[in-house]
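Below you'll find only one chain, the form predicted on its own, shown as structure tokens.
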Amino acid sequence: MRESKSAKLNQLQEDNHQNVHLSPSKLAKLFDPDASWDKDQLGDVLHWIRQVVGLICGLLWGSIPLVGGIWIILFLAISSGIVYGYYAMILKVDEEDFGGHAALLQEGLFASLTLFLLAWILVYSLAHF
């Protein structure tokens, strides 16, 4: 009985070890134009890219003491440009398979705008008042 359990355990470990070597790492998939993406996976990646851009821009805008609506428009342009560049130039996905440019460019937009404004206002208020 113990021998059969240990044999099964060894077989499972060997299978897992082989699967690790066969599957590409998740980080490498982010920059692989030949990787296959489903709509949810690509949407999640675009969402989190926007969140990082929103946080960085909000912290930067607040620490420099920038004020005015032009900086919100600039953030939207930077964020959309990075997302577009990522899926069109790096991943080279067919946007029609994922709902078109509008669907991909809207992914995570409002959440990142909220995070951007929150970071900008907090840093500006705490650092300059």
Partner chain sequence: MATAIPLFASFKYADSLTVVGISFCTALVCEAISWILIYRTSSYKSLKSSIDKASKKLETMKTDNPSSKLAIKKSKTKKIDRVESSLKESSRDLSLFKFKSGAVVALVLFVVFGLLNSLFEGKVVAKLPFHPITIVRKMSHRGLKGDDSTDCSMAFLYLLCSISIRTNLQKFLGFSPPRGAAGAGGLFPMPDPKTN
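Residue numbers count along the first chain shown, from 1. Owing to the predicted nature of the structure, the values given are computational and were not obtained by experimental measurement.
A second form of this protein, the form predicted in complex with its partner chain, is not displayed here; the remarks below concern that form.
Peer 1: Please tell me whether any heavy atom belonging to D40 falls inside 4.5 Å of a heavy atom of its partner chain, as the geometry stands in the predicted bound form.
Peer 2: Result yes; D40 sits at the interface with its partner chain in the predicted bound form.
Peer 1: My question is simply whether T114 lines the interface with its partner chain in the predicted bound form - judged by any non-hydrogen atom within 4.5 Å.
Peer 2: Yes, contact at 4.5 Å.
Peer 1: Against its partner chain in the predicted bound form, would V93 count as a contact residue? Criterion: heavy atoms within 4.5 Å.
Peer 2: Output for V93 is no: heavy atoms all beyond 4.5 Å of its partner chain.
Peer 1: Is L59 near its partner chain? Define near as a heavy atom within 4.5 Å, in the predicted bound form.
Peer 2: L59: no contact with its partner chain in the predicted bound form.
Peer 1: Flag this candidate site as yes only if K26, A77 and S80 all have a heavy atom within 4.5 Å of its partner chain in the predicted bound form; otherwise mark no.
Peer 2: No residue of the spot touches its partner chain in the predicted bound form.
Peer 1: Which pick from I73, V67, A35, M89 sits with a heavy atom within 4.5 Å of its partner chain in the predicted bound form?
Peer 2: Flagged contact: V67.
Peer 1: Of 95-129, which residues get within 4.5 Å of its partner chain in the predicted bound form if you count heavy atoms?
Peer 2: Those in contact are Q106, E107, L109, F110, A111, T114, L115, L117, L118, W120, I121, L122, Y124, S125, L126, F129.
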